[in-house]
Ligand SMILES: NC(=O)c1ccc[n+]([C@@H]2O[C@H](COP(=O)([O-])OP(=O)(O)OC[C@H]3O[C@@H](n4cnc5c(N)ncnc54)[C@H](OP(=O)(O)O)[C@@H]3O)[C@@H](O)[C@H]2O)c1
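Before any questions on binding or motion, here is one chain by itself as structure tokens, the form predicted alone.
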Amino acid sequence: MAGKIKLGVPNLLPHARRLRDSVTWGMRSRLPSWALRKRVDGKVVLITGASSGIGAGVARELAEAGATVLLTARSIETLQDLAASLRDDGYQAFAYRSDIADLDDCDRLCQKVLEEHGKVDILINNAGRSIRRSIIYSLERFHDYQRVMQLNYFGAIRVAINLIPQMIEQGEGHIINVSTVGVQNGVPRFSAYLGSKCALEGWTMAAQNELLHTGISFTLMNYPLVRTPMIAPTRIYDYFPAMSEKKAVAWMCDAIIRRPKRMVTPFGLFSLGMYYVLPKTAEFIVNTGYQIVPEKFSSGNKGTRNEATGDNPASNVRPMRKRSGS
């Protein structure tokens, strides 16, 4: 069967190549535009959740660098507009409607892509769903956990599993799974979202350890809050610092160039260190913040009811100053 790996005497040559490439591409990344073109020119890149935000921004950067970008999301009209815009500029772009939460649709998408393009060199699992709701208000909403897991975990690895055999055959591939810095600091009210991303991270780490010698690389993107359309409906995010969409796209492009095991912010590393070195202190800080910030925040309107709880926000919460989008 295609994609089977023969076990026995270990092949260490791929590890030597990986070390060489790590040094080479690390130096090339100092010239990001040139390095990105060297890395993706002539390659086929599949991007899920490509209709807006990071996915759409990365699609344009990669298309301009010479890649054939395959865009997929549920909103086919938006995808077709983006693909048409890229083709009008002289680039290679194709739109595919797909619901990554539907596992059969994942299979159909991958089969169609491989039939029409023959390969996928880079997979960017960018599609995701987030729910902000405390556990105490999720006791009768177990479906929240199921639907987040279905898209963020099962859908992501279903697409990857479909493409891995072809990547093994060609001896190279790169799978990028988008995660969150919340995995490092356990952000309250995101238990469903973080649970799905922790599962994705565990799978990614095991997959890399199993498939490293085949030439396939895996990268985890531990993004902080990014100011994209995904977070727009949650008004409380207007008052929090967030990475700009432009920087988030540049972060992804850097990961494509260097193929690191993980991309994480200094704050993420600090949070992880706190949980290992001073776990109870870290929990005290985060829990105190959880108690201060209400389930739903709306400045200047004390009577606003909370969507998740049906209760009024805590009356002792002071309005925060709204952050700009940059």
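Quick note: we count residues from 1 along the sequence shown, nothing fancier. Since the structure is predicted, the reported quantities are computational estimates derived from the model, not experimental observations.
From this point on, the text means the form predicted in complex with the ligand, which you will not see here.
Q: Determine which one of 86 to 94, 162 to 170, 132 to 140, 119 to 127 lies within 4.5 Å of the ligand in the model of the complex, judging by heavy atom distances; exactly one does.
A: Going through the listed ranges, the match is 119 to 127.
Q) Looking at the ligand in the model of the complex, do all three of A50, L151 and K197 come within 4.5 Å of it through at least one heavy atom? A) Each of the three qualifies.
Q: Find the only residue in I257, I54, A65, V45 having a heavy atom within 4.5 Å of the ligand in the model of the complex.
A: Only one listed residue qualifies here, and that residue is I54.
Q | Selected contact from A207, L225, V187, V249, since only one has a non-hydrogen atom within 4.5 angstroms of the ligand in the model of the complex | A | Exactly one residue meets the criterion: L225.
Q. Quick one: does Q111 come within 4.5 Å of the ligand in the model of the complex, counting heavy atoms only?
A. Although the ligand is absent here, Q111 would stay clear of it in the model of the complex, with no heavy atoms inside 4.5 Å.
Q: Please check if A101 has a heavy atom lying within 4.5 Å of any heavy atom of the ligand in the model of the complex.
A: A101: yes, in contact with the ligand in the model of the complex.
Q. Should F218 be classed as touching the ligand in the model of the complex when contacts are defined as heavy atoms within 4.5 Å?
A. Heavy-atom contact with the ligand at 4.5 Å: absent for F218.
Q.
Can you tell me whether R74 touches the ligand? I mean in the model of the complex, with a 4.5 angstroms heavy atom cut-off.
A. Residue-level check for R74: yes, a contact with the ligand.
Q.
Just to make sure I understand: among 153 to 181, which residues lie within 4.5 Å of the ligand in the model of the complex, judging by heavy atoms?
A. Heavy-atom contacts within 4.5 Å come from V178, S179, T180.
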